[in-house]
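Quick setup: the structure tokens below cover two forms of a single protein chain, split into structure 1 and structure 2.
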Structure 1
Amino acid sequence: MGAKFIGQFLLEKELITREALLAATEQQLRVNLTLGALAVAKGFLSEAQADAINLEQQRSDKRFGEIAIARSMLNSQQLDELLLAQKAQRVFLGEILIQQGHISREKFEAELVLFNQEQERSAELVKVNLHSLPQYGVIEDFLDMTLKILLRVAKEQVKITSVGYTALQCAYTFAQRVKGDQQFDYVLALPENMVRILCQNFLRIDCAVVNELALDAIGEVVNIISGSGCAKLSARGKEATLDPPRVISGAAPANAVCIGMSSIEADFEVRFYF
């Protein structure tokens, strides 16, 4: 399996340096503002109002604008203006790398073609393997919420990279039991640096070490994902309730479905223990 993000792809081919990738990524974060930040900058919302919407978004499968309009904090015209502004100012990583002189436009465009071809092959393989799983419907709901929640509450763009039955070795494993018409554990297995990064982004604090606060934060992230997944099951008429999330240890059971995931920072795994 090749690189999952264009920056990693260029780094692995030694076309850019790690320092160049870091600088470009930091610049991208500074330029690509969230809707909340844009709304505050334009005077549509106060920082307290934006924070309140972000907090609700962390605990629901709803978009920022959807929540803001439902709370009468924004009107549809203001939301349209924010979305247009966000789109107009959005800059992609490749453009920043070119602007900063780390790679020529011609070379980047040629490599982007190769990267996209590789990603299409990988995505098709993942799709075929997911659809072959007997519990595909349930797994699809929970994977969909995993991708959405990690992006919304932890600011982590994540891709599905593999489907199988061999568990990845990870330092920390968090599980939550889903009960009802179908019983299983939703499991998030993370390396140490991913625990710290998710905690830092979720709580908006520095997280230099994995401590009790960090473990509690990841437990809450798991709870949000599982709760949203159960809501999707309930909407289809299936009974689904949750036990509290917990940190577990030991090897994964033989029947565990292991979904490989990747962010820019680390590889990790979502598992389903049926």
Structure 2
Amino acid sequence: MGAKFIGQFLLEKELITREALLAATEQQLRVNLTLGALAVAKGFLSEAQADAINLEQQRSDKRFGEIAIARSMLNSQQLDELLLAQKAQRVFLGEILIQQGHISREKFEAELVLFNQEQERSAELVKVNLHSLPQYGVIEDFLDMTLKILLRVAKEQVKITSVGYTALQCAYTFAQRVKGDQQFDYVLALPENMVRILCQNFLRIDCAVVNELALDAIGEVVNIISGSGCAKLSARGKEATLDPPRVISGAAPANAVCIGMSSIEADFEVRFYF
């Protein structure tokens, strides 16, 4: 199990409670202002302008400052000032936990060292395990595109936490057949909340329940990942084409390669059915 962030790590070790972690993360959101909020507070932007930039930011890969400058809403001097202010007022989770009395500074600092070590170890382990897979080339290409596309279309920062042959129990499983020089199913297995969050971020609409549209949206996200994966294969001289994505059910086949993934929201799996 790869720890997601320091708060989760402390929680798993029962050094802080759920309530403490929640209170601290909420406090962190309150005190760490976004560039947009800072710009409004300083009178550089109107709220409507900040909203417009945020909206464009959600639709593109660009940073807030980049958009604001391209639209001549901020000059580079103002942006520098905002970035400095943001850095100066930024409070880390550990600091809040300490201030709120949930953990002592000495204990926190000792745990932070352990946390960083564990992060490094698990990253190393994942790398070694991935390399030892017989289908490493294809898997690497598709995993790489999974991380990039989830970040690009759904603003979801994801990392690989495990490599193995056991499948996680997940509410929704999406599969897409890749054909050509190599035939396999690229599979994304997600818990319910992850389906809703991905749908919400991809379509920029509220997604309170998993409905037809949500399933269709995630199918299309899978399609975009697979299509980009195929493009990578093609760039390496391999032939690859796709069938449309589909929702599947039932247990994973015994030879499925299961890659554990983790984001702030949930754990999920990318699988390869060869």
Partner chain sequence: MSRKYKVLVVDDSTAMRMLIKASLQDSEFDVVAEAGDGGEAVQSFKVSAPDLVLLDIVMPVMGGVEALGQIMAQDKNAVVIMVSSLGTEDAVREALKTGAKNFLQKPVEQESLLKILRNTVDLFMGR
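The structure displayed is predicted, hence computed values, not measured ones. Numbers follow structure 1, counted from its first residue as 1. If you superpose the two forms and keep the largest set of C-alpha atoms that fall within 1.5 Å, you have the rigid core.
K.L.:
Of the two forms I pasted, which one is the form predicted alone: 1 or 2?
P.N.:
Only structure 1 matches the form predicted alone.
K.L.:
One rigid part pivots relative to another between structure 1 and structure 2; at which of R105, N201, S162, Q119 is the hinge?
P.N.:
In this comparison, the hinge residue comes out as Q119.
K.L.:
When C-alpha atoms are superposed, by how many degrees is the smaller rigid part rotated relative to the larger between structure 1 and structure 2?
P.N.:
The rotation of the smaller rigid part against the larger one between structure 1 and structure 2 is 24 degrees.
K.L.:
Give the C-alpha shift of F115 between structure 1 and structure 2, in Å, after superposing the two forms on their rigid core.
P.N.:
C-alpha shift for F115: 2.3 Å.
K.L.:
Where the rigid core has been superposed, how far does the Cα of Q77 end up moving between structure 1 and structure 2, given in Å?
P.N.:
So the C-alpha of Q77 has moved 15.2 Å between structure 1 and structure 2.
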